[in-house]
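Heads up, what comes next is one protein chain in two forms, each shown on its own as structure tokens, labelled structure 1 and structure 2.
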Structure 1
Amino acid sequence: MRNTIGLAVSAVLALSLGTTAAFAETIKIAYIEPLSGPFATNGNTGLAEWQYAAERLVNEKGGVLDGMKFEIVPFDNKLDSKEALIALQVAIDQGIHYFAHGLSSGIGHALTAAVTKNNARNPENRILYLNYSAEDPALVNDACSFWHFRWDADVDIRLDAITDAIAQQQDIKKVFLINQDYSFGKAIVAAAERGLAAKRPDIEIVGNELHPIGKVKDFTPYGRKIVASGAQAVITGNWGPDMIGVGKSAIDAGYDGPIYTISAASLGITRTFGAAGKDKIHVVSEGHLNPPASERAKEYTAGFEAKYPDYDIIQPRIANAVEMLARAIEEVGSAEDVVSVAYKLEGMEHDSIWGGKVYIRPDNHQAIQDIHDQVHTDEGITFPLDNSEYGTISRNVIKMASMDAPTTCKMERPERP
């Protein structure tokens, strides 16, 4: 695994250097994620993806605005809202205008509120939130902000695809829900209940468990509950070690049905499940590595694996976010005119490196894109995960999922420059 200590040191240096570290030739993007603790692997993997995307898609092509390069500045938030808010303020004090975050919707809510408040009070030092993974639907509905853009598919979009897949299987009559006990997990539950009730009212939800995030060391009792319930399908939004715990405990207890997930690839998950997860673990997400969408996607993925042999691309949307931000800055002609960059991102349509289009809805800043139902397997895999022979392959695609879904977002907009 890449040197986590080195990344943590980088984060400390970023905090200590202050504005003296600012270089005129770079456009800084703060990266605020856990780089230490139980979810450090998730944070460091995302950091590698952001750094690679910036270098490969922007810097190697000459940068933007006559040579300005993207620089990813890491901050360790330890998966804690208070630490994240401190890091955000340091980034603002350094004059950074863009930051990336995705791990934990709870932290996402805190950051959204802080950014909105800062931008209202300090119009000369505004900042944009590039959300690549915090999936709570509220972030683009009641809690939306003009300063927040999400490139990931949210819970409602993913669960629409999952409940569609389950509804088409007439032999499934019982479903078990197990999720982390915070805003994201609760959103999974609400979307699952709503989708199943609408599409297959005959399906019974035989279990609905919420557990503390990152605190459960032994999931064996949950696995036994899943088997005892007679469930024929499991839905979980768990990620990181919590995903491994749920899936492994269920399979070890004798569960043999599909497990529909959002974050069940790489990060030790693919290698841990191995043959036991074949054709059982489903990952519903945007983008896919297998089969490669194009020669460009194939070359990009191969280049990443060559540079970061211990990591995998598990969040293809990061490449979309980097390319679209670079395009918006180039078209505006300034990286510091944050308002104009935000307005340029609104309604932007982009040809994704992963195939298909990405469209940013102007009404709530949610990215609309193709969603893939991928299954864990060792068959037809061009890019295996976790240095194993297994990976995920796209079996079904929903084109431009939830393009016309309703939103309750009512954002306050600044005046256009």
Structure 2
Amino acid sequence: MRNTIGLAVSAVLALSLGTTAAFAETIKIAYIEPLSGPFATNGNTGLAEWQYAAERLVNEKGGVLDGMKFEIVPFDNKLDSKEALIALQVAIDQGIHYFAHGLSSGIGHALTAAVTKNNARNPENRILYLNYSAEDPALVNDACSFWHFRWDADVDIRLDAITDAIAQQQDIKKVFLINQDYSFGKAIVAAAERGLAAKRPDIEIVGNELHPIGKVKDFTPYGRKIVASGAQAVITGNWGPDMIGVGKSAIDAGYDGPIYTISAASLGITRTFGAAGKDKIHVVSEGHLNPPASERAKEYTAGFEAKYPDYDIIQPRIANAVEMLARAIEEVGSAEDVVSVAYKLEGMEHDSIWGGKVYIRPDNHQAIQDIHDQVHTDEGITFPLDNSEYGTISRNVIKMASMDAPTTCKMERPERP
């Protein structure tokens, strides 16, 4: 019966999670990411970026709605869908109306489904999903939701930009695709095949490899295949150790062409590639640190580097998300009226701190923005990554990429209040 006592004590503790003040002068944004485990650094970097953006872009300017400040409340999801759902539940119980999430589209799907269910089942405790990184195209197509907004450029948009870049180089005739074997990797393959076939039908896809995610110990055979295929460009969506494995093995095996990636920057990757990856590794994403887009962007980045010397800004879009949310809340006049805020965000146009405009498509809630083709190098870098001499510099920009891409999204909309 001691265990019954244990159970009682446990429940008391569990209760204490759910009853933190619901009345406060801050607008809380839950941040649901892995803060422990193998991807803790990703989660902590994002947290630093959100906190910095809230502080710098909203709170220092006096907040919104006459002095309400943004507060980022971190929750650890341990990179597990179930833990993420529990964290979401706790956040809802605490009276939080906004949450940010981005790592892993799998969790993104779970959260989207849970938010849609919760907002239908508990209309008085609705919550909005601010997606700043989960890039599965399905989230703004078949699996879209009214309560989900994405500031990141998704796989389709990025691959549109990558295939554009490749299509412009007339001497490239052979392209090699290597990706992780799961929905994200497959989405990249599909988008790359589609884009290349439409823009340059003469390009041959000489290799299309899917490998198990995080299971390959030695990438050498893949490097050999890339070289043996005679590829002149490689496209990969790999991240983490898998990214380094592919890049290193290809370069070691003697491959000399460009490697187009989604996320081969910072988090130790830039430092590890160092001189070997110079002018070879391309990172295609929204927002860029080098060259600084404006004096304001320069100040913002420098401020971040000074405050968090161990981290880099790897998701510039977070600044857009914070600014646009603040604007929507200000214009609605309430942070609790989630439906109105969501309607305000739809179709909003915004001047991004990183230059150019950001526009949220009303039909699927995807942000449309400039996409930059950035190169890994040590020349002309104002803000290097990983405390090394290397960083990424924007070489090419595609204005408002994929503005009119078709979507299959059919979202159920609540009544406009």
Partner chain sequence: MDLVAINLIDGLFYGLLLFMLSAGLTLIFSMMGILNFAHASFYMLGAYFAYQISLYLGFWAGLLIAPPLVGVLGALIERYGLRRVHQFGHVPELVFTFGLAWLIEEVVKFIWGNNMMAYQEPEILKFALFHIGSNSIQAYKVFMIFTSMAIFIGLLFILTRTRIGLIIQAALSYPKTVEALGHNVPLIFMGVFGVGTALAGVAGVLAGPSLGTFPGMAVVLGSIVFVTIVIGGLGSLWGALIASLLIGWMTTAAASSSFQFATLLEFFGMTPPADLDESYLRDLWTLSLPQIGPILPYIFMILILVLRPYGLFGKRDA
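Model, not experiment: these values are computed from the prediction. Throughout, residue numbering runs from 1 along the sequence of structure 1. Each form is matched to the other, and the largest set of C-alpha atoms that superpose within 1.5 Å is called the rigid core.
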| task | Give me a 1 or a 2 for the form predicted in complex with its partner chain. | result | 2
| said: Core superposed first: is there a CA shift of 2 Å or greater at residue 334 between structures 1 and 2? | reply: no
| query | Once the two forms are fit on the core, has residue 274 moved its CA by at least 2 Å between structures 1 and 2? | reply | no
| said: Given a superposition on the rigid core, I'd like a yes or no on whether residue 323 shifts its C-alpha by 2 Å or more between structures 1 and 2. | reply: no
| task | Check the Cα of residue 210 between structures 1 and 2 on a core superposition and give its shift in Å. | result | 2.4
